[in-house]
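One chain comes next, on its own, written out as C-alpha cells in the form predicted on its own.
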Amino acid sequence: MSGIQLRVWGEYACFTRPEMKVERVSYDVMTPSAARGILEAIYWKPAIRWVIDRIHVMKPVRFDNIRRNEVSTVVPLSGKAGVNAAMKGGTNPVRLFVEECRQQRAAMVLRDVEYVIEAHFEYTSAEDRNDGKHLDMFNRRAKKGQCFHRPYLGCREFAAFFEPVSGAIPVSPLARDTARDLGWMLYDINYAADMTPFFFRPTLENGIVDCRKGGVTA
C-alpha cells in the first residue's frame, strides 16, 4: 500500500514524558502517537488506522525552558454540573473559574522544530476499502491546509503547520551525526484496552527515527 509524506513544523513543541508530566519535559523528538494525532486531525475515517513508519528530524534538537499558566482541574463529565448533564438538557451552566485553579508551571520544551512524517494506513474493517480514495483525500486536504481540528505538536497551544512533501524527502541536517539511542519512548496508547500505553526504544540514525524498529512493548 502506498504511503504519505507530510512536512510539519512549528515554533514550539512538547512531547511530554509521562514520568515527568507535573513539570513537563519533552522527549527529544516527536513520538509516533503525536504524529498519528496530526494525521488524524487532517484526515480520519472509521475504516482506517494510521501507522507511522518513519519520522525525519529536519532541524537540530533544541530545548528551551518556559513558564506557562495552567489550570489544575477540568470541567467534569458526570454530575449535575458536568458536560453529560448539560448535553441532556440540564440547566446548570458548564463552567470553570480560571482564577480559582490557575497554576504556573515550568516546562522544558523543544524550540523551532520541523519533521517529515512517513506513514501508511491499515483498514479496521471490511468496509470502505479503497486505497486511492483515501490517499487522494488526505493529500488534497493537506495541500489545501484543511483539517478537522488544528494539529498540534504535543500540546494544543503549540500549533503545527503542515504541507505534503512532493518528490524526494530532503536529507536531514543530522544525517552525519553519530547514531543516538533515544531511550524508552511512548509509542502509542491502546484506547480499546483501558488506555494501555506502549513503549519502544528508538534510535536517531541518519536524522531518522524508524518507528518500525525498537520492539513495541506494553
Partner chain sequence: MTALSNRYEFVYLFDVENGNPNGDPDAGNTPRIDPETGHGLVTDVCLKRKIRNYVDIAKSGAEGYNIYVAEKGVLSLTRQPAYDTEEVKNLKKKEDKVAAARQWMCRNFFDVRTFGAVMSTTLNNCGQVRGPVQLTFAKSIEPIIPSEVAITRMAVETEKEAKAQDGDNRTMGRKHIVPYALYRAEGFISAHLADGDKGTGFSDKDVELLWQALANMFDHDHSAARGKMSARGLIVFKHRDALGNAPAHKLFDAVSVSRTGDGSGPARAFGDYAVAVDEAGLPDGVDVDVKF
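Computed from a prediction, not measured in an experiment: that's the story for all the values here. Positions refer to the first chain, counted from 1.
FYI, the form predicted together with its partner chain isn't displayed, but the following is about it.
Exactly one of the stretches 181-189, 157-165, 28-36, 51-59 approaches its partner chain in the model of the complex with heavy atoms within 4.5 Å, and it is 157-165. Residue in contact with its partner chain in the model of the complex (any heavy atom within 4.5 Å), chosen from 146, 130, 72, 125: 146. Although the partner is absent here, residue 9 sits close enough that one of its heavy atoms falls within 4.5 Å of its partner chain in the model of the complex. Looking at residue 120, you'd find every heavy atom of it more than 4.5 angstroms from its partner chain in the model of the complex. Contact annotation: residue 116 falls outside 4.5 Å of its partner chain in the model of the complex, judged by heavy atom distances. In the model of the complex, its partner chain sits within 4.5 Å of a heavy atom belonging to residue 76.
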